[in-house]
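Quick setup: one chain, the form predicted on its own, written in structure tokens, and binding and motion questions come after.
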């Protein structure tokens, strides 16, 4: 009942107060469509929620999604993008996507674990042996489409993935070895695997909203966090945490999640356009990601005084490898994907893939 009330309230807010915040436009006064969607005179408004800024690679990818859909189906669809958690946190936006109050949301795999436990595997530390193996796995669409369909019973489905980089530790003190983490309080995503990983390093795991991290570090509530380089600049964490260690413990993608009723309601031609738009958005996001990471490193180092530390990754890997077996034993549903990824890891290791 609580979720239904939330969805109802958000539909009202979407229809009245937030239209100007989207990248599209249109009259949203008619809310007669099933699932809470609204229309202008002739067009179906398609709303996409995400947590990042308007300059983030994911937003730029979504702009390409919008442009392609409207180029092909502009007489039928008006795509509107809502950044910066305007429509709520990722978890709330997923719930709204389930109900059809909004149509798409970008969410991390940790947010999807409660709906399909196969997504738990992406929180496994050192799942991928290289960035090349990670990208090859995500680009294996024949296999990943089976994973994406796993949330069907929950009322939504993943259309594509976005690169969220390699997760590393950053803190108010240098982290050169696993022992340097002992006694530190580190913010993690609200994922059991991430919590257990930090505990295995001897640190205290502090799950909290990403938006709370800056203040928590500034006030000494936590000593650091783990994320990619863009967190230092886009979220200004480099102002309060001056040491970024490349221990590369996780490579976790973000996912573009769509309301299943909306997706299944598309004609074959329309669905093909939306799927092509999703693929294009990923291509744009990947290109922008690589560019922005390099820019973020330069800004963090030159303007913020952040020190980037290269560490012995294997020392960190060995510390938490037992967690992989524990996760496999506790969740048999990840075994098949785990085996598939190990085959890809082996392929790229034999080819001298990037470490």
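As the structure is a prediction and not an experimental result, all values here were calculated from the model. Positions refer to the first chain, counted from 1.
Omitted from view is the form predicted together with alpha-D-glucopyranuronic acid, to which the following refers.
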Although the partner isn't part of this model, could you tell me whether residue 278 comes within 4.5 Å of alpha-D-glucopyranuronic acid in the model of the complex, counting any heavy atom of the residue? no
Please run the contact check for residue 222 against alpha-D-glucopyranuronic acid in the model of the complex: heavy atoms, 4.5 angstroms, yes or no? no
If you check in the model of the complex, is residue 210 within 4.5 Å of alpha-D-glucopyranuronic acid, heavy atoms only? yes
Is residue 52 near alpha-D-glucopyranuronic acid? Define near as a heavy atom within 4.5 Å, in the model of the complex. yes
Since the partner isn't included here, can you check whether alpha-D-glucopyranuronic acid sits close to all of 187, 227 and 254 in the model of the complex (heavy atom within 4.5 Å for each)? yes
Going by heavy atom distances of 4.5 angstroms or less, which of 164, 205, 112, 147 would be at the interface with alpha-D-glucopyranuronic acid in the model of the complex? 164
Ok, 108, 125, 83, 258: which has a heavy atom sitting within 4.5 Å of alpha-D-glucopyranuronic acid in the model of the complex? 108
Counting only non-hydrogen atoms, choose the one of 241-249, 92-100, 227-235, 127-135 that falls within 4.5 Å of alpha-D-glucopyranuronic acid in the model of the complex. 227-235
